[in-house]
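Just one chain is shown here, as structure tokens, and it is the form predicted on its own.
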Amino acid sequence: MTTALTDIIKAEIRANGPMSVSRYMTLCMTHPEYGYYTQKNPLGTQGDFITAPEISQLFGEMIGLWFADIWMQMGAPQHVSLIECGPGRGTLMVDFLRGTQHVKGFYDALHIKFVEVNEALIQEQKRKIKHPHVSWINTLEEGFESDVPTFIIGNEFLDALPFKQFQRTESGWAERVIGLDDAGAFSWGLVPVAEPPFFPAGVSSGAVFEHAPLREEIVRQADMQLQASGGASIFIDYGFISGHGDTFQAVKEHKHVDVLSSCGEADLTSHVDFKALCDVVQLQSHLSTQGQFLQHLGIELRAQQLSQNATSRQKEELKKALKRLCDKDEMGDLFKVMALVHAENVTLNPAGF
């Protein structure tokens, strides 16, 4: 499918030569006029994909209770900067606030900041979130305040950040790039590169390795802020703790499509390398699968509570949502949870891990 952005990308390739995966992804996702995240609402049944908060209120409630528990262990500070990266429709935050409404003082302590660039989503977030202290920022770092404890949420945020791909050849490593064939269509190519220290050793020819410096920088920023101000961060995404391979994918209308088609019209992501993220932080990182994390927090008990006053249809929906969020064959194992915590009086093993 040819789009307006397709022609823009091809013109840049003709002018500058083959393009990195990172540059291609940046244009497709955040081009100011035709980028995927700047021109449409991609979420929900009418969009291209559904995130965990859209599946059930249970998810956001569990996240809220996790942070409320940390907050209480910190001594219930009166001012906390709560930053959510990529908040979507605001659904997670709605459930977060409802699930913690009975934690005395917590609601009033929160100063919520959304890292968001999509104007349509910003308007929906403004409609849904009625908290007195809400603001919108362009980058995570803009939300940091000195001497103010910081809470950071990133649910399915890191996977959509640009990354580069490298492939092992008989003569060494090469970067995978996107060029044009004789007919003017997108085509894959390889450009030899020196071997940086982050490349895995002992892999066979043909193996693909993905490196995402921007993801690492986001997590490094969170780590440094927590060391300076105290607080906690939690990143949830699909990914792996060890391994490598080609995980670049495109989703449009809930179906996988070719990553080189539908420029600006499909969601581009890759699996998150959580080991790489753990390697760039100084605080102790806590890792779990999403299923185990939610189960340890008591999501099944919460589902039982909601079922008590539910209709037969609602009970069935709760059962399906619980399975989708926690089952090993659904999101339970594929999605990982990474947390960082830095505060006095907080347990070395926070809830859920």
Ligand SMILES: C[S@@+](CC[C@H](N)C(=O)[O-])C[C@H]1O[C@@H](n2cnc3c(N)ncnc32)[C@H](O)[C@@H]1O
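Since the structure is predicted, the reported quantities are computational estimates derived from the model, not experimental observations. Just count from 1 along the sequence shown to find any residue number.
Form predicted in complex with the named molecule: not shown, discussed below.
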{"item": "In the model of the complex, Gly86 touching the named molecule (heavy atom, 4.5 Å)", "value": "yes"}
{"item": "The named molecule contact in the model of the complex: Ser285, any heavy atom under 4.5 Å", "value": "no"}
{"item": "Non-hydrogen atom contact Ser56 with the named molecule in the model of the complex at 4.5 angstroms", "value": "no"}
{"item": "Heavy atom of Tyr34 within 4.5 Å of the named molecule in the model of the complex", "value": "no"}
{"item": "Candidate from Leu97, Leu121, Leu110, Leu226 lying within 4.5 Å of the named molecule in the model of the complex - any heavy atom", "value": "Leu121"}
{"item": "Partner-contacting position among Phe157, Phe166, Trp71, Phe151 - heavy atom within 4.5 Å of the named molecule in the model of the complex", "value": "Phe157"}
{"item": "Segment assignment from 243-251, 274-282, 174-182, 78-86: heavy atom within 4.5 Å of the named molecule in the model of the complex", "value": "78-86"}
{"item": "Residues of stretch 109-127 in contact with the named molecule in the model of the complex (4.5 Å, non-hydrogen atom)", "value": "Val115, Glu116, Val117, Asn118, Leu121"}
